[in-house]
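To begin, one chain is listed below as structure tokens, in the form predicted on its own.
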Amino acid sequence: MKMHNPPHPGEILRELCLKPLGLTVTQAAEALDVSRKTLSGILNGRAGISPEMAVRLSLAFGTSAESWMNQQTQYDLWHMERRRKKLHVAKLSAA
């Protein structure tokens, strides 16, 4: 079942991982060994979770990389489905 308007993974990261631990963006970025700008982009929904970031998050927070990738995929797919009618794609079938 598709989720209705899933939250950006950055929102989940901020609310369920950083806030409960009292971590600042700078502290979390240092722990993840990424730039503050990179992490800020994710937290503010301007960037997505890459496979590398998913692994970093899984190591840091004891989660699975797959869960982070699934969240990103659900978010991306939901937003793309909303634009489905704007895509100009020809239906293909076997002759």
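Just so you know, these numbers come straight off a predicted model, no measurement behind them. Definition used throughout: the rigid core is the maximal C-alpha set that superposes within 1.5 Å between two forms. Residue positions are given as counts along the sequence shown, with the first one as 1.
Another form, the form predicted in complex with another copy of the chain, is not on view; read the next lines as being about it.
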Classify residue 84 as contacting or not contacting another copy of the chain in the predicted complex by the rule of any non-hydrogen atom within 4.5 angstroms, answering yes or no.
-> yes
Flag residue 47 as yes or no: does it have a non-hydrogen atom within 4.5 angstroms of any non-hydrogen atom of another copy of the chain in the predicted complex?
-> no
If you check in the predicted complex, is residue 12 within 4.5 Å of another copy of the chain, heavy atoms only?
-> no
Is there a non-hydrogen atom of residue 69 within 4.5 angstroms of a non-hydrogen atom of another copy of the chain in the predicted complex?
-> yes
Sequence order please: the residues of 55-69 with a heavy atom within 4.5 Å of another copy of the chain in the predicted complex.
-> 55, 56, 58, 59, 60, 61, 62, 65, 66, 69
Look at residue 16 and decide if its Cα position differs by 2 Å or more between this form and the one not shown after superposing on the rigid core.
-> no
After superposition on the rigid core, does the Cα atom of residue 87 shift by at least 2 Å between this form and the one not shown?
-> yes
